[in-house]
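Given next, in structure tokens, is a single chain: the form predicted on its own.
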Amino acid sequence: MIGCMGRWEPNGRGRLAQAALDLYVERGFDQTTVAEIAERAGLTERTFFRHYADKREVLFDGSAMLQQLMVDAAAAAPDDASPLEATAAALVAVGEMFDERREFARRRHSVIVANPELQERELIKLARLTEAIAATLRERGVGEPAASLTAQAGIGVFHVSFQRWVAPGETRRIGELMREGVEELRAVMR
């Protein structure tokens, strides 16, 4: 196996992520080993562990970047923006990042919904996003419980919009779905 890896090739992290997702879809998350992922990517297990702590991390890579993007967008909303408008700005900001990765997101989602451990990890990620947005709203001067309630509602819109976006046959952009979700939320609150 080492002989076939004599020449360095670029984008090891991306190749590992693609190999892992392919194997998770083909065989299932639990049935896939790190060794198989590394082999499929043409890399070593050691290289895998230079990029990822474990095989779950492949599916949650980018969570910190997503959170930072959302926090930055909410913080940059105009000073007179309502808490919901600042939260909506965070949702719209992530739309462009997602739209170019719909097929990857659909496949990733199918792996996560098939595994309770991964579902739990996804819920933890959403809880962290919620707290980060709530903290940003508090920094903008929004008191409690308004900051937490708005963040919960905003991440709820994010979650529902994402579910709709990865559904088979859906072709609309996620930003459109999120804007629609925010409008639905406003209508419910009236």
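The structure displayed is predicted, hence computed values, not measured ones. We number the residues from 1 along the sequence you see.
Form predicted in complex with a further copy of the same chain: not shown, discussed below.
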{"query": "4.5 angstroms heavy atom contact with a further copy of the same chain in the predicted complex for Thr136", "finding": "no"}
{"query": "Partner proximity in the predicted complex: Val34 to a further copy of the same chain, non-hydrogen atom cutoff 4.5 Å", "finding": "no"}
{"query": "Any non-hydrogen atom of Val92 within 4.5 angstroms of a further copy of the same chain in the predicted complex", "finding": "no"}
{"query": "Close approach of Pro116 to a further copy of the same chain in the predicted complex, 4.5 Å, heavy atom", "finding": "yes"}
{"query": "Stretch from 26-34, 44-52, 61-69, 127-135 whose residues place a heavy atom within 4.5 Å of a further copy of the same chain in the predicted complex", "finding": "127-135"}
{"query": "Stretch 140-175 - residues with a heavy atom within 4.5 Å of a further copy of the same chain in the predicted complex", "finding": "Pro145, Ala146, Ser148, Leu149, Thr150, Gln152, Ala153, Gly156, Val157, His159, Val160, Arg164"}
